[in-house]
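A lone chain, given as structure tokens: the form predicted alone.
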Amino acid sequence: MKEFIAKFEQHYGRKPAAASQAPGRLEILGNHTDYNEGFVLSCAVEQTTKFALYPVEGTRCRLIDFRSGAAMSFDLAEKEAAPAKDGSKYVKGMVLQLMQRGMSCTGFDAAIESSVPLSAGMSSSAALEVSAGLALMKVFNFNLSSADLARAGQGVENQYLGLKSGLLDQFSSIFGKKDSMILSDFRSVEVLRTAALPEGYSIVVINSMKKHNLVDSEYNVRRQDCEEAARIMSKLIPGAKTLRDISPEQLESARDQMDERVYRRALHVVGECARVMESIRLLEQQDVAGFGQLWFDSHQSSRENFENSTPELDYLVELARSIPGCLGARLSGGGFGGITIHLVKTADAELYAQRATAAYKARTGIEAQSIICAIGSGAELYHF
């Protein structure tokens, strides 16, 4: 952070008034359950996005991205302008969300630096939204609860960018706990408990290098299918509001009441909620093999029921079954590209990553990126 602040000072000729950082995240289990008011097991990672700013007169906002060298800008007077194609859209979106909630804001000079892989499924956008939100609130003397800051980040995606995503990404970035996974309830919007990764095991992240653009993918169509299934089930099950309220048995009994595609989308979400809660039971019993099998089960459902996998992601999970040392693997995040996560014995992690990426390149010709991921802390302001 000190090096980042020094870069800011060198670029703008003065120190920032506030600086913050927010991590990317990994979805461990609970694929597409957040917007169905379900449960998710997730964690923050050590890869973070740093953000710093200094207020200036007027309405012009300038940003420099130290990772890419890109210079960006936008004008707060142009609230109705279409979102930019670059990363400034996340910052401007957060400014607009905070202003809707009552924050007064002038122009500013800002800087960004990130180690979160882009368009990979580790929530680089949420990390930027959250880090920007923290620094903006500090500089412009505005306060929101952590849950409401997460909702503001979600608002950037939903209202400004048109992606009907849930709260998982921002929530995990804000509430992540060092060395612990978090179990979140997206009906009450709270962290229910933490769960440690079993001792002697690590998470290997392998990026398929097939970037996903969720706004242009079928993400929103999947959400519509889930809402349609919930509408049908609410007529059959008293008190049911979302797929979170439906058991696998209840869904099966209503299969002939809905389109087969809608049924399979619902089957994935209902199954994911069940897998999240089962994972907590297995972790309490130190059943690492059972925990890993849930990862394989989750990916199979993503491939067959939710159809948000890709041939590249499927092959990486297939490799996990054949390379020694891995107990489970699945796509993580929205899908349609991005990353897979692999539960691997720590002693085998480096060799496993090497073997998996070599096999992937031999099959696809693509040089995959691998990270042996440590579980990081949640977002924080830097205190000068």
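Residue numbers here begin at 1 and follow the sequence given. Worth saying up front: this structure is predicted, and the values here are computed from it rather than measured.
The following text describes the form predicted together with a small molecule, which does not appear among the structures shown.
Undergrad: Given that the small molecule is left out here, which of Gly87, Gly292, Gly166, Gly155 has a heavy atom within 4.5 Å of it in the predicted complex?
TA: The residue from Gly87, Gly292, Gly166, Gly155 that makes the contact is Gly166.
Undergrad: How about Gly333: is it within 4.5 Å of the small molecule in the predicted complex, going by heavy atoms?
TA: Yes, contact at 4.5 Å.
Undergrad: So in the predicted complex, does any heavy atom of Tyr35 sit within 4.5 Å of the small molecule?
TA: Looking in the predicted complex, residue contacts with the small molecule include Tyr35, since a heavy atom lies within 4.5 Å.
Undergrad: Given that the small molecule is not shown alongside this chain, does Asn31 nevertheless sit within 4.5 Å of it in the predicted complex, heavy atom to heavy atom?
TA: Answer yes; at least one heavy atom of Asn31 falls within 4.5 Å of the small molecule in the predicted complex.
Undergrad: Contact with the small molecule in the predicted complex for Phe74, defined as at least one heavy atom pair within 4.5 Å: yes or no?
TA: No, Phe74 is distant from the partner.
Undergrad: Of 229 to 237, 107 to 115, 244 to 252, 166 to 174, which is the one stretch near the small molecule in the predicted complex, taking non-hydrogen atoms within 4.5 angstroms as near?
TA: Result of the contact check: 166 to 174.
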